[in-house]
Structure formats: structure tokens, C-alpha cells
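First comes one chain, alone, set out as C-alpha cells in the form predicted on its own.
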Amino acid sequence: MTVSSATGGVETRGATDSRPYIDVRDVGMSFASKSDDVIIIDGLSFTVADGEFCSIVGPSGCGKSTALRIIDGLTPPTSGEVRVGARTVTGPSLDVGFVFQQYNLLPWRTVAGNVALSLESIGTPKKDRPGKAREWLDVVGLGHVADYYPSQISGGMQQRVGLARALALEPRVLLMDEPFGAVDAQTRLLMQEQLLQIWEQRACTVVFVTHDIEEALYLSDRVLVMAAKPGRMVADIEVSFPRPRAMSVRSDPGFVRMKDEIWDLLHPGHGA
């Protein structure tokens, strides 16, 4: 495990990568209130290598979700720059897929129809969309509910439809904002395993936001730890457990130690 941390700022391992695919450079985000400027993110810098699975953890209000929206181009930063591949991010791009915390499915469209939204956006011929949509639903194990409506399937299934819709873009980058936060514990574990299988097969670059430290460690090559007020990076942790990972890694003493160390970073002094 590699941990980089410093009082008042961080020199992250990712920031020294020679060929980053995602490059977040000194990003700031603030808005004006009646009395003063409110700083959401201050001087956020990190990189993610091509094909890497990177998670961001941190307390509520530290700017994790805002950082994802800035990377995607949905929210312009107040300062700094984000590059994805060879381009500077100025708006959303079809090479980046986004899986939101809320399912955001259109209730009047079938499950397959929701996945077909992505196929429409990339210009897939209309006659090919139903078959392609079912293929992507098969990837997430939902081909059998293609003709159902969102109200007819469970929350966990709806989230997997959202994942299939993002994957249908065949993106180089997949951004995921607490995608499993609203499902039950058993479904969450199953979805984590399925996500790893898909990632290992597709080899896309993933930035995954979560409040769950164990989830972050199980899924990731690196875990970035943020602090709030203002949102900033306080540690960059390399997760060196070999892949593919079994569920049993969660009980490994090294895994437990890393989990405790991240908890200490998020809640300094809790054990004093």
C-alpha cells in the first residue's frame, strides 16, 4: 500500500503518472452567497491512468459528486482544468458514461427503451437498437426483463439498467456516483462483483464515488480520500491486492488495516 498525505495539501501518487488518461488540475468550485463566497472544492488535483479503477471517498459535502460532474463536463469549474484523453473538458462527451445515484430512468419507456437512449445518441440505426439494447442488458444480467417498465422491476435492477445504458455508449471512461447506495446489502455485494467482472472484460477507466470504505477498497486500484470545508484531497492510497479479487479479501488483515487507516483519515482523533 502507498499512502501520500500532508497537512494542508497532498502530493498524490497519481499526480506523478507520466501518461494519465484523466487529469484534474488544480480544480476549484465555489459559488457566491449573500454574505460571502462558499468554496466547495479548493485546489483539487489528481490523475487516473487509462484502464484504472479509482474510487473517491470522503464525508458528505466534500465535493465528491461535484468532482465527477466537473470531470464529465456537466458542471464547469470555477478554476482549474480537466483533461480526458487528448481533450480539455468543456462539456459532456460520448466517450464518458455516467451512472447516477438515482436511477433516472424514463418511466414511459421499457427497460430496453431506456438503454436504447444511449444507442440513439451515438447514431445506432433504429433497426439495430432493440437487439443492441438486449445485448447490453444481457451484460448486466437483465435480458429477461427487457420488455418490462421501470416500475415493474426492483431498485437494484433499475440501477443495473442505468449501468447498461452507460455501457451502451462503449465509453473509455465510466463515472459512477454512489451507484449502489440505495440497494440492500446483499444486492450491493452482488452488484460489486458484477461491476468488477464487467470492468475486467471492458477495460474502461472508472472513477467511482462512494461513502463505503470497504466497497472502495474491494473495487479499486486506488482510493482517493477527500476532506471537506473546503473539499480537498488528503490521501492517495494504492490498493495492491491481486486481481481477480475474491470476497474473502475483505477479511485479510492488510485489508482491515487499510480500512482502519482510511477511517482515521476521515475521522481524525476518533480513537483518541
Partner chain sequence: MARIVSLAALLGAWQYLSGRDNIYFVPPVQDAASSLWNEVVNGNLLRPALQTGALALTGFLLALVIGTVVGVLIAVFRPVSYVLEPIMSASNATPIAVLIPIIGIYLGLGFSGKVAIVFLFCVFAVSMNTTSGIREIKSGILEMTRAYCVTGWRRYRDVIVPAAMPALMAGVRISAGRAVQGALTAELLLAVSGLGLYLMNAGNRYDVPDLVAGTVFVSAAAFLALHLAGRWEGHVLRWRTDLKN
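Positions refer to the first chain, counted from 1. As the structure is a prediction and not an experimental result, all values here were calculated from the model.
There is another form of this protein, the form predicted in complex with its partner chain, and it is not shown here; the text below is about that form.
Quiz item: Where, among 146 to 154, 191 to 199, 130 to 138, 78 to 86, do residues come within 4.5 Å of its partner chain in the model of the complex by heavy atom distance?
Solution: This holds for exactly one stretch, 146 to 154.
Quiz prompt | Contact assignment for its partner chain in the model of the complex, among R245, R232, R222, R69, heavy atom within 4.5 Å | solution = When its partner chain is considered in the model of the complex, the option within 4.5 Å is R69.
Quiz item: Does any heavy atom of G162 come within 4.5 Å of a heavy atom of its partner chain in the model of the complex?
Solution: It does: once its partner chain is placed as it appears in the model of the complex, G162 has a heavy atom within 4.5 Å of it.
Practice problem: Evaluate A185 for contact with its partner chain in the model of the complex, applying a 4.5 angstroms cut-off between non-hydrogen atoms, and reply yes or no. | Solution: No - in the model of the complex, heavy atoms of A185 and its partner chain never come within 4.5 Å of each other.
Quiz item: Is the gap between P92 and its partner chain in the model of the complex 4.5 Å or less for some heavy atom pair?
Solution: It does: once its partner chain is placed as it appears in the model of the complex, P92 has a heavy atom within 4.5 Å of it.
Quiz item: Is N104 close enough to its partner chain in the model of the complex to count, meaning some heavy atom within 4.5 Å?
Solution: Flag for N104 set to yes.
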